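A single chain comes next, written as C-alpha cells; it is the form predicted alone.
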C-alpha cells in the first residue's frame, strides 16, 4: 500500500516546479526523474533510475533538499525527513549502466547554473576566474593544465563547469567531459572486473575528448592503478593539446604520496587557489542568488539587514551560504511570513550554532589575514615585517583563546615551535592592557570570528 507521499508525489513535484521558481532546465535535469522508493519511520527515501542523477545526489540535496522537504510538508501536511538512496555512492548496477552508455555519454551533466555569468568575482577568486576564462577562450593553449584548489564549497566546481558551458556554447562540436574522480575510478574498476567495458574502450572514452574536467583529484591520489591510468590519459590529452582542468582540496606540493614527476606535470600549466570569501563578497553572492531567483519568477522581498546578518554569520563556505539563503526563503514560504532578521536568526540557528563550535586555527588565520589585507600564506611565512608579524602574533593569541588547541598544536598550525607561540601569546595579552588601539582591533576580530562571543 502506498504512503501518502508516494500517492501525492506528482503533486509534490508540481509544487516544487511552480512555487520555487526553479528553471525548467534545472527541474528537468535534477528533480523530474526523482521518485519515492519507500517511507519508513517518517523518513522519505528518494531515488532515481537515472545513473547520472544517482551520482549527483549530494548536489541535489544541497541545492534542492529544502525545497523537496518543504513541498512534502506542504502537500501532505506532515513533516518528514528526506534521505537519498545510495547518496555519495553508485550502485554496481549504475556502474554497468554507465558502462553500457559509453558511446552516448560524454560525462556527468553540467549544472546549468554553473556559468561565468553566475560567478561572483572578488579578490579571493579573481586570479582563478581570470585563468578559467582564458582556458575557456583558448582551450589547450597557455593554461593547460589548469589546476584549481581550495576548501570545499568555495566555487571550484562552479568555475570548472563554467569552462565546459563556455566552450560548448561557442563550439557545440567540441567534446567536453566532466567527471568526478570517483566516477573515473569506478569506471576503471568496472572495466577491469566485470568486462562490461574493455580497458581499451575505457581509454578511448577518456582520451577521445577535447576537454577533460575532473573534479576532486585528491581521491585518486594513493590509488596506484587509478593514478597510473589517469596520468597516461593526462599525457595523451596534453600531447594532443586538449584542455585539462583539475580541481583539488590542496596544491600538488602538499600530496606527500604523489611522485614528483606527476607534481611537475600539474605545474606545466597554471595552479590557482580559491580562498574564503570576505564580507563584501558574501553580500554580493547573496544578492546574485536573489537576482537569479527573481529572474526565474520567484518573488523575494529581503532587506539589507537580513543579507548583512547572513554574510556576517555564515563563515564556512559559499555552498553553506547559498544553502542558508534557500533555507530562509523556504521557511518564510512555509510560515507565510516576511523575511526578517528574526526569521533568519531562527532559520539559521543550527548553522550558526554549529559554526560557533568549530572555530579552527585555519579559520582564525583567514579572518585575521582578511582584516589586515594580507594573505594566510603571509601569516604562515617566515616574513618578519611588522605588517605581517603583528597579525601573526594576534592570530596565535586568538587561537589560544578561542580554540581548545594546546600550545604544541598551535605551533604546528602556524609552522612554529611551541616556545614562539607562548612568547607571542604573552606579548599580545600584555599589549592589550596598555594599547587601546590594539585592544579594540582584537575586539573587532573576536566579533568577526564569532559575533556572540
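If you're wondering where the values come from, they're calculated on a predicted model, not measured in any experiment. Residue numbers count along the first chain shown, from 1.
There is another form of this protein, the form predicted in complex with ligand ADP, and it is not shown here; the text below is about that form.
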Distance check, residue 285 to ligand ADP in the predicted bound form, heavy atom within 4.5 Å | yes
Taking heavy atoms and a 4.5 Å cut-off, does residue 154 contact ligand ADP in the predicted bound form?
-> yes
Touches ligand ADP in the predicted bound form: residue 318 (any heavy atom, 4.5 Å) | yes
Check whether residue 180 has any heavy atom within 4.5 Å of a heavy atom of ligand ADP in the predicted bound form, and answer yes or no.
-> no
Could you tell me which one of 359, 120, 331, 290 places a heavy atom within 4.5 Å of ligand ADP in the predicted bound form?
-> 120
Residue within 4.5 Å of ligand ADP in the predicted bound form by heavy atom, from 114, 219, 80, 238, is 114
Whether 125, 158 and 322 all lie within 4.5 angstroms of ligand ADP in the predicted bound form by heavy atom | yes
Tell me which of 183-191, 375-383, 224-232, 145-153 has residues with heavy atoms within 4.5 angstroms of ligand ADP in the predicted bound form?
-> 145-153
